[in-house]
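Only one chain is included here, represented as C-alpha cells and corresponding to the form predicted alone.
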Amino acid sequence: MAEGKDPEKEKRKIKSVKKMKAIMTKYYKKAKLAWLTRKKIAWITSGGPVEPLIAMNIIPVYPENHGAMIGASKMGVDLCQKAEAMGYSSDLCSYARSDISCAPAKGGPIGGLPKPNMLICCNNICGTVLKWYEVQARYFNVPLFILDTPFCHTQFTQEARQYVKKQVEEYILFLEKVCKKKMDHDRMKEVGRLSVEAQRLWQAVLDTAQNRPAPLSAFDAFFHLALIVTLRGTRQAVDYYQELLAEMKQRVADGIGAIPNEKHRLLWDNLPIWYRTRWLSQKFAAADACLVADTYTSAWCGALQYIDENNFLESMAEGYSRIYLNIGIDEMARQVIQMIDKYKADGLVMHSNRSCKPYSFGQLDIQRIVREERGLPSLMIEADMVDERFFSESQIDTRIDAFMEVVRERKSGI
C-alpha cells in the first residue's frame, strides 16, 4: 500500500474503472483517426438504434455523451455562454448548447468531436434533438436521418409498430446509400445478439445493488454506463460487463459496500448533475445513505422485454419506442415504484433538471404517486446537468440535510 493512502478507501475502489478509462480513451482515439482508416462516423442520439451502425462498421459518436464529459470537466458554463452569444437561448438544453458551440471552436475536454459523415436522430428521448441535429447537419453539410417514434402513453399499437418498422427499413437503406454497400444481415443478427447480451449483463450489474451493502452506487453506475451507450452491440461491451459483474459479485461475497456505513438506501431520478457527482456522493455517504439505483442508467435495458435477440431488426421498433422517456407518467411512476420495491429504497431523490423537460415535467406527479402508494419521503433538487449557473450548493446542502432527517425519523418510527 502506497504511503498516505487510506486502506479503507482503497478497498472500496472499483478495479474496473481503470479498464473503462482505457477503453473509452481508445474509442475516442479511433474516432478521431477515422479519416486515416477511411471509416465513416455517425453522430447519433443516445436513445437511437446504434446496432445497424455497428453492423455496417460505422463508428458511432454521441454528442450527449460528449455533453456529459463537458459537464464532468466543468467546462459547461463557458461553452453554454458561447452558444448563447451565437444566439441560442439559455433555456435550451445544455447538452445541445455545449455541443453546438463546441463544433466551430473545437472545444471541450477532447478538442471537439470528429467530423461526422452522417447524423442519426431518434426522438424517443426528446424533441430538442430534432432541431439540434438539424443545426449540426447544416453546419457539417452531411445527411441526416430522423427516426420518429410515437409516444407510448399506455401501449404500443399495431399501427405504431408498422410505422416505426417502416422507418427501420428506411434507416437501413439510408446507411447503404451513404456507405455505398449493402447491409450484411448475418452480421446484423450477431450485433443484435451481442446488444441484448450486453444489456442483460448491464442489468445484472445494476441488480447486484439489491444486496446490503450495495457493492456499487448510482454514482458508480453513471460512470460504468458509458459502454452500454457507446459500444452496445460489440463483443468488447459484453466482455467488459462480464468482468464488471464478476467484480461486483466478489464485492458482495466480501461484504464490500459502495459507502463505508450503509444505513439508508435511496433511488435517484433523472440525469446526473455531472459537475457535482463527487460532492453529492460524499454528501449522501456522510449521512450513511447510498443511492442504490436510478432511473437513468437502467433506461438502456428497460425495454429488453420487447426485444427478440433472434429477430432483432423486426423487434427493434417496439424496443426503441418503449424506453423510459417515451412512455406516460403513470407508467413511469409504476416503474419507479417497481425499483423502490426491488432495491428496498427508503427514499426518492429527484433531480428537477431544467435542461431535460421530458424527464422533469412529470416528476411532481411521480412524487405524489410514490408518496400515496409507498409513503416514502422524497427530495427535489433543482439544477442542470451541465450548466453550473443553476446549482446552489448552500440550498441543496440544506435540503439534503432536512431530507435525511425525515428518512431517519421515518425509519425509527418517530
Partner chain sequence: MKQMKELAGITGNPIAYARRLQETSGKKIIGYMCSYAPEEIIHAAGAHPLRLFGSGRNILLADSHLQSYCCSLVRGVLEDALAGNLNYLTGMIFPHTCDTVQRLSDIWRLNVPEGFHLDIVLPVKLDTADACQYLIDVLHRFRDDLGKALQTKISDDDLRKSITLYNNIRNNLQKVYELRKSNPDLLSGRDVYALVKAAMIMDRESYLTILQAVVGEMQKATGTADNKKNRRKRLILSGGICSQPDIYSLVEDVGAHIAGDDLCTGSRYFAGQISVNGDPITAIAERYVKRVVCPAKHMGNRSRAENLLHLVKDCHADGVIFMLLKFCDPHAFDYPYLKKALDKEGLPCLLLEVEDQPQAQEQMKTRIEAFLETLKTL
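All figures in this text were calculated on a predicted structure; none of them were measured in a lab. Residue numbers count along the first chain shown, from 1.
Here the subject shifts to the form predicted in complex with its partner chain, a form of this protein not shown in this document.
Checked against its partner chain in the predicted complex, the candidates Glu314, Asp288, Asp207, Glu170 yield a single residue with a heavy atom inside 4.5 Å, and that residue is Glu170. This chain lacks the partner; the member of Ala96, Ala198, Leu216, Ile120 within 4.5 angstroms of its partner chain in the predicted complex by a non-hydrogen atom is Ala96. For a residue to qualify, one of its non-hydrogen atoms must sit within 4.5 Å of its partner chain in the predicted complex; all three of Leu144, Thr157 and Asp365 qualify. Proximity of His153 to its partner chain in the predicted complex: non-hydrogen atoms within 4.5 Å are present. For the chain shown alone, Val77 is not a contact residue for its partner chain in the predicted complex, no non-hydrogen atom being within 4.5 angstroms. Taking non-hydrogen atoms only, Arg354 approaches its partner chain to within 4.5 angstroms in the predicted complex.
Pro109 falls outside the set of residues with a heavy atom inside 4.5 Å of its partner chain in the predicted complex. Residues with any non-hydrogen atom within 4.5 angstroms of its partner chain in the predicted complex fall in just one of 158 to 166, 222 to 230, 276 to 284, 185 to 193: 158 to 166. Residues of 90 to 111 that come within 4.5 Å of its partner chain in the predicted complex, judged by any heavy atom, are Asp91, Leu92, Ala96, Ile100 in sequence order.
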